[in-house]
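In structure tokens, the next block holds one chain alone, the form predicted on its own.
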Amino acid sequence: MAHDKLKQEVCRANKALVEAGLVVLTWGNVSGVDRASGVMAIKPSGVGYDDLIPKDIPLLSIKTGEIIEAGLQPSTDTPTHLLLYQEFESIGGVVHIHSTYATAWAQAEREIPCLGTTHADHFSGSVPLTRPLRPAEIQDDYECNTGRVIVERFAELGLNAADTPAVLVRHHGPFIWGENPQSAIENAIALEEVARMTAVTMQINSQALPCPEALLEKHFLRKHGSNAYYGQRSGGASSS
């Protein structure tokens, strides 16, 4: 089948949530896209990760949300994923989880401030928090409106989705993304650890100050900037 590779990738990524300790029960989902063919694959609703196989993964049109290759019933969060792909064209994978620390920040109605370089290595500033959904937005088209408040918050703050690959949906939990499902998983792991570190830091010192802007920028750009030098370079040169 034309999209077997995408289904396999999304299936593996969903199982990786369990391996990374980011989910209990069925509290999370991963999607991925093939931009060239305009197709999204996503975890089916309520299916246990151990039971998940590639043929269960449904495929949908990114543009319309129409199911174009049936597996099982897609996740209830599908409209949120679809809107993120429609609005953030640079992303290729989305993760939604209810991991303990990141969700605690969302429930506490607090963005996650950048207090140090571990955070800055992954996110170019605070992890933002959305506004509350209005009653009418909850009552009708809830999942799509969840995506809309994410997009709205990024527009308000002038944020680039590639530089800030996560958001906290108020009273709900985090959505995280990346270039593909695997990078979205890696960003989800980073987010949960940063959320935990920040919570512990503020227990030690509730008046802890944000990381200096120059240090934040240095750490983010050395890993993600146009002149990044973190990791192995082509030709065998290396950096620490």
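What you are looking at is a predicted structure, and each value in this text was computed from that prediction instead of being measured. Sequential numbering from 1, following the sequence displayed.
The same protein has a further form, the form predicted in complex with a further copy of the same chain, not shown here; the description that follows concerns it.
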Checking a candidate spot here: are Arg12, Leu17 and Gly158 all in contact with a further copy of the same chain in the model of the complex (at least one heavy atom each within 4.5 Å)? no
To verify the annotation, which of these, Ala108, Val151, Leu129, Ala162, has a non-hydrogen atom within 4.5 Å of a further copy of the same chain in the model of the complex? Ala108
In the model of the complex, is there a heavy atom of a further copy of the same chain that lies within 4.5 Å of any heavy atom of Lys218, even though the partner is absent here? yes
Does a further copy of the same chain come within 4.5 Å of any heavy atom of Asn180 in the model of the complex? no
Is there a heavy atom of Ile68 lying 4.5 Å or less from a heavy atom of a further copy of the same chain in the model of the complex? no
With a cut-off of 4.5 Å between heavy atoms, is Tyr101 one of the residues that contacts a further copy of the same chain in the model of the complex? yes
Does anything in 10-44 come within 4.5 Å of a further copy of the same chain in the model of the complex by heavy atoms, and if so which residues, in order? Val24, Leu25, Thr26, Trp27, Pro44
